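The structure tokens that follow cover one protein chain in two forms, given apart as structure 1 and structure 2.
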Structure 1
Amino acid sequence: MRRSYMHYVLAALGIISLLAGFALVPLFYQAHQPIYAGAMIVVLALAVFIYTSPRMYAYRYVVPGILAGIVFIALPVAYTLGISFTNYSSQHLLSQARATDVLLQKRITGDASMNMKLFSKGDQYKLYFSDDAGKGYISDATPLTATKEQHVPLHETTATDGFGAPVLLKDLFKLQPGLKQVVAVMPDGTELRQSSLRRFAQSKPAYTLNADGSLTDVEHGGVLKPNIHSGFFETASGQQLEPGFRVNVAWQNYWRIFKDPAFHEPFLRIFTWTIAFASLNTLATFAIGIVLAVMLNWEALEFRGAYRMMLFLPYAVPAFISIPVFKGLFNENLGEINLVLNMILGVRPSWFSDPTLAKSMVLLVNTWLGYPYMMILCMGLIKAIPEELYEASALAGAGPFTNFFRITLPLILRPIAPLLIASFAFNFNNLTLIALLTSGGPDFLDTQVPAGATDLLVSYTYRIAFQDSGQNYALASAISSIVFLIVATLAVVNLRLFKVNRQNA
């Protein structure tokens, strides 16, 4: 059987993808992720079996879609759900083992402190120390190339020269990585570490690790135990030590959303506004879109092509350009909209500081951006309505309004209903509009958590996770999970509508 060039191209792409997949296996091992490495081997073995076995021929076309669904939907959702049951935040970024290591690396400075001079001797260096009383200590020649701590013994000396060529300041900067690894050991056993460019000071570990996993405070003598509920090492009096570590907090984040007034008050307000925003925008864009579609479908209208092109332009300009332009137009002091309103009506609305006006502005801008999509959809659906219906209606003496409400609208509503639900879901998560136009403002003045009048749930979540609410990733994940359930419910409704259409077909 003669094979086409496309067949060989696809085979070559498959081999390249297979080799790329195998190349990831050792990388996962080097990153100490053996589970991912094993999973990659299993996936590659399945791929080879599916794309080489004749019995699996039918599955070759659905496997990429299934993998895409797993990678881009199932895994992120599972990861988000997993985080929502932890205390993951800017204070609890590390695992308990890593947080313990960080605390064990902390050091406290002692009383001993001396000036340091560096002398070169070939490719090695001598360190000369002198205290405030003028007493000197010198080290043997040693290289400064270690990447780990190296202990360098010091010997008392009365000489002040003859150690080699002094290192210039510009070279001293280059030797900093090696000097930071030097632990100078005094004759009495005192250890000195670099505290500044030319000074070494006594330092010792701030904490020591005990057999039960607790830490002992070397300076004060207290014991700090890890609290698996708060995610901190705590003293007997409850004092917490940062950094914290991640622990499982079960449903605590979800309870905070609905029980803690600091969170559930802005959450309920924002949830209500999100529903209203998505509903009003969907209805407004559909209403404007269908009216314009009916008008552009009027045979007697001249220059319909020009009108259609002009009305389509808002959809052709990217939102990342349109929204900042509108932000400038609505500027309260220099915006053209306020200049015109001031000239005609003598008013300068506070679009960005008044909650009601800010919401109105958001609705206006998003309606402008969204109506062309609905107009195009409705124009296509109107074309599918048989002309005989309008001719029969005309013979019966019906007017344009009767035709619209009795023929056009009923016949369009059923096929466009799933798209309206999809539009509602899109507006429900319209982070781009809020982030570029108002950033969620104006902010509520009576809430503990930063939240604004125009914040949608998705922007509220973004602010909690990445901006001004302590970077609480776990709480943001809990809110994201709730948003996902709402959107998933809409998807189920959408699928049921498709099912109804299929049964009616």
Structure 2
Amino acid sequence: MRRSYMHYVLAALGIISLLAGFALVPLFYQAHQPIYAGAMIVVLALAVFIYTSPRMYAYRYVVPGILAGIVFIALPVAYTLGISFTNYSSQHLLSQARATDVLLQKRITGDASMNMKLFSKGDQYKLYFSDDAGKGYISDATPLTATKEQHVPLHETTATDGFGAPVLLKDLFKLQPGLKQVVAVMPDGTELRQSSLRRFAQSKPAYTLNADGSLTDVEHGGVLKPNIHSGFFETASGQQLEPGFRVNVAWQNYWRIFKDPAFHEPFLRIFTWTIAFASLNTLATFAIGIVLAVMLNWEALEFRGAYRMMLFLPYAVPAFISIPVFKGLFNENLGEINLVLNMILGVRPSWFSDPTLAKSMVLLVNTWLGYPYMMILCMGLIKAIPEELYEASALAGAGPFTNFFRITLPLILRPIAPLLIASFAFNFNNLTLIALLTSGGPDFLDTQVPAGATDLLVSYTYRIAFQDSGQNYALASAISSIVFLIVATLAVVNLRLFKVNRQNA
């Protein structure tokens, strides 16, 4: 067996990615993620096994694609599910360890505060401090190049000058990064940190860590205990301390969606509209698509090619362009649609503020966007219907309507059914349309969470996660998980009912 260049190139690539993978292990370990580091080692060992064992030959080919599917689809889905059981939100962004770190780094300013002058000594510097009473302190010469906190002891001094001229302002600016790291330690142990350009102030940590993970409030006394139900450090009286941390809240998010009226009421309304939107839209695009397809398949009709091209256009233009165009055309005061309606009928419908009109506008626009796809599908499927059927019906004297309802439609329904389900699932999750056209509006006025008449479940989720001031990622993930369940059911139905078609596709 002759080995080609390709083999060596691939082998080299494999070794490089293996080494890169191993490089990640200590990185994970350093980031206090020993589980990831362990998982990485297992994955790499598996990879080596698969790509060297002759018995696993077929899997060498399969693994890249399957792995991509797992990493880029299954993993986010699982992660969504995981988040939905936590309290992850803008108030609870950090892990408990990180939140503790943030709190431990908080400092309170003490009473002592002194002026600072800087004197250069070769390429090192002496810091001279004087308090308001005129007492002076001086440090040893230190290089101001530290990147970590640097403790500099001070000695009492009576000499007020004799160091030469202090460092000029412009040089002082240059030395800022180093000065920021200086912790000047007074003879009595008080620590001073830079508070402004030429002033140092006493500062001490606001909290100290106790052995059991609780914090002691240095200023007021009292112990703050982490509450693993609320995700906050709390005082004995229940006062909460920002920032909170992520904790497991079990089914609480789902509970809120189904039991709390403030959440389940808009959820149900939006759910109903999502179903209505997806089914109405699938029906409308299919109805228009099949009628157009029948017309365009009528061989006696002239200019069919030109018509087809024109009708196809809405599909070819990217949605992120055509949807905003419609947003402009439907504009209540300036849009062309109201201009025309005003001229002919004398009315100016408020497309964006009336819930019913907004819903019909969304449906109209999406039908416009979606019918060409259905048309193309139907054209392909109609071509597959045997001519003899129409010949026979023509001999029996049937008209076009009989042909359509007795021959074309029944014969098309079976093969197109799985695609209709796919279209339903797609529109069920059509975030782009809603986000670009109405952003969910007009908003309900009687709900606590932001929700609107045209919000689909996904856009509702999107608003809860990324637009509302609360940024409740966990609640959004819970809703996403429910939608996942619906989509998964649809997918399984699709797979079970239309297995044969799928295999042929």
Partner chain sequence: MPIVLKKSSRWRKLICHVGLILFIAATIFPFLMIISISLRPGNFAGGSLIPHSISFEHWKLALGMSYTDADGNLVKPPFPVLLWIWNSMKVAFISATVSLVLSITSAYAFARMKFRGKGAMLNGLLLLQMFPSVLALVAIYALFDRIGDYVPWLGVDSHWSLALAYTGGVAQHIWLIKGYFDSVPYELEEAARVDGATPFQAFIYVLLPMAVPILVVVFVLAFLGGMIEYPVASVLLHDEQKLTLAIGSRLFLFNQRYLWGDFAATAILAGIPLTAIFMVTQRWLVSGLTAGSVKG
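Rigid core (definition): largest C-alpha set, two forms, superposition within 1.5 Å. All of these numbers come straight from a predicted model, not from anything done at the bench. Counting starts at 1 and follows the sequence of structure 1.
> Go through 1 and 2 and tell me the one that is the form predicted in complex with its partner chain.
Only structure 2 matches the form predicted in complex with its partner chain.
> With both forms fitted on the core, give yes or no for whether the Cα of residue 448 moves by 2 angstroms or more between structure 1 and structure 2.
No: residue 448 shifts by under 2 Å between structure 1 and structure 2.
> 2 Å or more on the CA of residue 357 between structure 1 and structure 2, with the rigid core superposed, yes or no?
Result for residue 357: no, shift under 2 Å.
> Answer yes if the Cα of residue 257 shifts by 2 angstroms or more between structure 1 and structure 2 on a rigid-core superposition, and no otherwise.
No, shifts by less than 2 Å.
> May I ask for the C-alpha shift of residue 186 between structure 1 and structure 2, in Å, based on superposition of the rigid core?
A shift of 3.0 Å at the C-alpha.
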